[in-house]
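There is one chain below, alone, in structure tokens, taken in the form predicted on its own.
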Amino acid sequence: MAAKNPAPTNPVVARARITGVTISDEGPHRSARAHHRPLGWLTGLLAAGTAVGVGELAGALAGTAGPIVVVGDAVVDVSPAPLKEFAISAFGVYDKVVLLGGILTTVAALAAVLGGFALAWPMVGYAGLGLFGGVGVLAAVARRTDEPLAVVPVLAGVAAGALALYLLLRQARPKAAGPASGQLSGGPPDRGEAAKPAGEQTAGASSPASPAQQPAPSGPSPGGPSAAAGPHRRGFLLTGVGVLAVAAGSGALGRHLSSGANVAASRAALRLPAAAEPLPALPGGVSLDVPGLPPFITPNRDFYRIDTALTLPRVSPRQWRLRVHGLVDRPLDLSYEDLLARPLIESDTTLTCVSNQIGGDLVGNTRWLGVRLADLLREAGVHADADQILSTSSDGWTCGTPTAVVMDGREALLAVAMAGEPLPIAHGFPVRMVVPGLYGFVSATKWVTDIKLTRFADERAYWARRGWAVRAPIKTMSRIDVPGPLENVPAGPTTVAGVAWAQRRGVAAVEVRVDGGEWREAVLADVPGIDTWRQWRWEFDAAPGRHTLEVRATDSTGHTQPEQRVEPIPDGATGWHSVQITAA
């Protein structure tokens, strides 16, 4: 008759029964996996950090963007227009910081997950790095067509990340496999003894145990899994510290090299020539001196910035060149010195972003200094059928401007200064385009390095390919700045003030009304020309309670901004701006 408790065939289990240790066939494996999972997460994070850090350094040395920025550019490019509009309206000038933070967080999360799987299946980790590299290469090729080295940071980062993953897995994987070695918490097995059937144990096995045979105390044994894993843990720690140092060091050095400290120093040391055609001083009445009203000249630090550059391009004046080509008789290739040797002119011009909502602040006014773009195009000999000026930024962004607009006599500039100082890096240093009367996305290329004369029928610029207008004149608009929305004001005489703009036409009148009553004409400040905004002011006697204020402007052609609200895309918002206040 078969025994009720047949002897186990697994020698490890047999040894466990002899020594009184209870184990299961899968418990140690499962607990080991759970115990070592954080090592996998850390492995993935360190490998990804190395890829990013080395990629940043390679980008700085190659003079191009790092892998995160390259992928971020691709995210911006493929994002639908409503999502871009939401980002601008929700985060303003911080939209790029939010995007980069989101990309880094996503990369970190994916790296941790892949690292956890890589402990058991290393190819999962390598495949993840390969996928990131593939996306980065495609993004670099698609966006940065004029930068042959744009793929180098991506490839360098992936290679460094793969090496870091290999070194870390060498230390982490043996540790994860330790519990499967067959060692038990009661000490190392005696293979000869464990192999004997239960009935063939020596007599000493049933006699009182000698001190050497006493059961081991509970907890890890010097010969158990923890001891076997100890050297691997120390090895992983040392390897991890080394990998972290490489990741952090290369990333910090890359950021330092790409921070443009030398470009900032060059800008600070720059002394621009005086204007060959200086403008007279601004009229004394351009400012109404109402507290809370924006100044007529927007300080450079407060001038709005909207563009697709995730990190500011740092272009040295010594390295900057402008190519004028395409449908021209005489292509031009200019250095920064060549540009400054030409006559410089001044222009008072208000810039407006097409993304500006009703009452928004994506508008600013300043005095620009630069070279007339029309003079440059005449020198190149533009063909009669070249109806588009396709300009390109140093980061690959493109802008399509109607040629006829630039050639119609307005002061369209290749600007080198604003508000009396060289262009800030954030606003296009060393050279940008400024074309009065057009929204920025069809006129205001920053960090411009290439101008191609072409046809709208043949080529489309960045936003035109996404369904935005190709000809986008700025619409007549007005805004209430004082008092602010939901502001509490004393009952009685109250000042309402703001700005209005209608570039290339000029603001002829501004009207205000309270609680849907009659329109009343506001007092207008002086202006130097038709291409700047205009301050306005109106006084009324505010009765106690809540009031709704509305404003509308009329330009010099007699057109009054319409009441109906239209969203900014594809060619600018319309509608009356209104605010609610409470008088008490």
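Note that this is a predicted model, so its numbers are computed, not measured. Each residue number is its position in the shown sequence, starting from 1.
The same protein also has a form predicted together with a small molecule, omitted here; what follows describes it.
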If we take heavy atoms and a 4.5 Å cut-off, which stretch out of 345-353, 380-388, 235-243, 123-131 is in contact with the small molecule in the predicted complex?
345-353
Quick one: 427, 441 and 446 and the small molecule in the predicted complex, is every residue within 4.5 Å by at least one heavy atom?
yes
Work out which of 171, 454, 308, 357 lies within 4.5 Å of the small molecule in the predicted complex, going by heavy atoms.
308
Here the chain is shown alone; which of 365, 393, 503, 401 has a heavy atom within 4.5 Å of the small molecule in the predicted complex?
393
Going by a heavy atom distance of 4.5 Å, is residue 460 a contact of the small molecule in the predicted complex?
no
Evaluate residue 314 for contact with the small molecule in the predicted complex, applying a 4.5 angstroms cut-off between non-hydrogen atoms, and reply yes or no.
no
My question is simply whether residue 468 lines the interface with the small molecule in the predicted complex - judged by any non-hydrogen atom within 4.5 Å.
no
Might residue 432 be said to contact the small molecule in the predicted complex, defining contact as any heavy atom within 4.5 Å?
yes
